[in-house]
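Next up: a single chain in structure tokens, the form predicted alone.
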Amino acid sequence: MSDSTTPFLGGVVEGFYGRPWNPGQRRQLFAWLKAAGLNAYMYAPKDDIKHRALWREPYEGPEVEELRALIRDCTAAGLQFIYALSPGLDIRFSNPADREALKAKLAQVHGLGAPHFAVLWDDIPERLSEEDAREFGTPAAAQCAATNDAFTHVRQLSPTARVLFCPTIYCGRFADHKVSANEYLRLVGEKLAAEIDVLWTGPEIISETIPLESIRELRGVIRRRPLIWDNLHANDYDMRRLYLGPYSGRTLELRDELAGILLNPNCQFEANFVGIRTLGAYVNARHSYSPRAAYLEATEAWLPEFKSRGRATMSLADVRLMGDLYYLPTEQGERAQQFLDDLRALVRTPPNSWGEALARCEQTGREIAALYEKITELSNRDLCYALYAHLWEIKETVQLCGAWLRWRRENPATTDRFASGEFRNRIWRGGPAAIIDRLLTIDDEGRFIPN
């Protein structure tokens, strides 16, 4: 896939905002990665306070032992461990003490066994302080100087260390989709040490597709193969969503243009089996890759995790229905798409024309209600709790739709509006954010429509 002397990295970056995963979850992750034929894990939880907010502070006491154990467990599973540090919120590039603090932090983690590192400059202020601007001129120059300095230091500690760099402009949108003309990226390509990998999310922060030509354009600017930080399954920007669908929207030819792919997945650890399994299928595919076929295989492999302690047992059809309901950011699974198509038809036509669409909608509604009940009886309680709130919400919403359909069928000629005291308080989103949502609806193109 790559003519580089460094191996193609395929795995997971724990890089989301929110509560980091715990040691048991990470051990399970390593088992999933190994079973999927993947080879890397990057530690970069935004809310490990010493990764980002207090990046200068060394790890102490129990933190040291937990990180040492994490590195040991990862390498014991045959995976490459990458420790990432994110100093960009308040680093003073022209201050030697801060440059030394960056190197000291990486050296400490190297002493705990970490073989590889990343320095991240994402989601930070784009302007330099007056002092830094006088010395370096531009953010790109300052970031490259600090990262090159850290790279030299790390390579003195370990000549085989791999170092990654996340730019502040890390997607095409941030470059106004004019990557080849972007001065920041041009300077990164010119000033960053050639051995350092550059992370990229694609045309968007969450990229539905990553076109081959967009990566070729980027390569010409940054002078190396990018390493994709893939947010396809990330949900930290909208915790009401969950993504249980397959790795998709990337052709196999894309792999030859990349240094690797690290999936930044759902915050809910237990919900990530399918995303990881299908990424492995993509990375290791020889001649062809079908996202749907990979999804069907992954859900079958996931089924044993859904053992029940109660009377109701999850079937493979149940797991696939759940995955179809929570598929991908811009794509519904087959069962969910059929349900939505039927529901749209029912809402827009009179009851005497409903036909088979009504029967399909009602049957799917019953299956969704049963799916929620089955989830509550899982032996794996962590898996139950990872899925619980999402299945509760869809169950309540679908039951409300069912109540409306019954009312409409029984009152085909009425001009009254349907009202349900039973459901009003159960699904009504509250709080300031929900009120704003109702005031300013957003259409599919991202345009605000005042209500």
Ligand code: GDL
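Each residue number is its position in the shown sequence, starting from 1. Every value quoted in this text rests on a predicted model; they were computed, and no experiment measured them.
This next part talks about the form predicted together with the named molecule, which is not shown.
- Shown alone, this chain has one stretch from 228-236, 77-85, 345-353, 185-193 that lies within 4.5 Å of the named molecule in the model of the complex by heavy atoms: 228-236.
- Only one of 122, 318, 197, 324 comes within 4.5 Å of the named molecule in the model of the complex through a heavy atom, and that residue is 122.
- Comment: the named molecule is not present in this chain, but in the model of the complex one of 145, 370, 301, 205 has a heavy atom within 4.5 Å of it, namely 205.
- Contact annotation for the candidate site: 39, 260 and 279 all lie away from the named molecule in the model of the complex (no heavy atom within 4.5 Å).
- In the model of the complex, residue 166 approaches the named molecule with a heavy atom inside 4.5 Å.
- Residue 26 falls outside the set of residues with a heavy atom inside 4.5 Å of the named molecule in the model of the complex.
- Remark: residue 273 does not count among the residues lining the named molecule in the model of the complex, judged by a heavy atom distance of 4.5 Å or less.
- Interface residue remark: residue 11 is not counted as part of the site for the named molecule in the model of the complex, having no heavy atom within 4.5 Å.
- For the partner-free chain shown, 15, 16, 17, 46 of 14-51 come within 4.5 angstroms of the named molecule in the model of the complex, judged by any non-hydrogen atom.
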